[in-house]
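Only one chain is included here, represented as structure tokens and corresponding to the form predicted on its own.
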């Protein structure tokens, strides 16, 4: 029914989060009707994504010539306070509050099974190495971050994964905390407004 380029577009874009075949089809015809200039701009924007890098410290995206992102490069941020998040969009939502001045670790989307995959374990190992490098050899008085905030979503699965992450990092922080319940149970950090997230940060425990 569709020309081959449209079928290929629908096949690729329907696999994206929250899109699906119907939305991908609408998007394809919208772009076609927008004209060649719009198609060229969209194609260039997608092609430019190839230049995006992953920060070697927190695993957020960046386009710097260095290996780390602007947040990790910022010397004014408190490296002894670390927030662990699932997704890049969660980090963006937290940054919009302008109330968090520590550093981050993006772990990747967590499974509902309550298990960490190999990449997530490697990222936690990277965090452990960062803590040991910056705060000395692991002991009762050193080798610990001041605080690790486990900012998983306030769902049953989020709570379960928070416990697993805390167990993995046991001994690497003087204090572990969760975001306060300013976010409704079952909600997601990505979609919370700045004020709600700000209150959740202030009420963390």
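This structure is a prediction, so every number in the text was calculated from the model and none was measured. Numbering follows the first chain given and starts at 1.
This next part talks about the form predicted together with a further copy of the same chain, which is not shown.
A.B. asks: Hey, of 93 to 101, 111 to 119, 125 to 133, 78 to 86, which bit sits against a further copy of the same chain in the predicted bound form at 4.5 Å between non-hydrogen atoms?
C.D. replies: Single hit among the candidates: 93 to 101.
A.B. asks: Residue-level contact is defined here as any heavy atom of the residue lying within 4.5 Å of a further copy of the same chain in the predicted bound form; does residue 176 satisfy this criterion?
C.D. replies: Looking in the predicted bound form, residue contacts with a further copy of the same chain do not include residue 176, since no heavy atom lies within 4.5 Å.
A.B. asks: Wondering, does residue 29 line up within 4.5 Å of a further copy of the same chain in the predicted bound form on heavy atoms?
C.D. replies: Yes, residue 29 sits close enough to a further copy of the same chain in the predicted bound form that at least one of its heavy atoms falls within 4.5 Å.
A.B. asks: Mark residue 166 yes when one of its heavy atoms lies within 4.5 Å of a heavy atom of a further copy of the same chain in the predicted bound form, and no otherwise.
C.D. replies: No, residue 166 sits far enough from a further copy of the same chain in the predicted bound form that none of its heavy atoms falls within 4.5 Å.
A.B. asks: Please run the contact check for residue 41 against a further copy of the same chain in the predicted bound form: heavy atoms, 4.5 angstroms, yes or no?
C.D. replies: Taking the distances in the predicted bound form, the answer for residue 41 is yes, it comes within 4.5 Å of a further copy of the same chain.
A.B. asks: Which of the residues spanning 12 to 27 lie within 4.5 Å of a further copy of the same chain in the predicted bound form, based on heavy atoms?
C.D. replies: Those in contact are 12, 13, 15, 16, 17, 18, 19, 23, 25, 26, 27.
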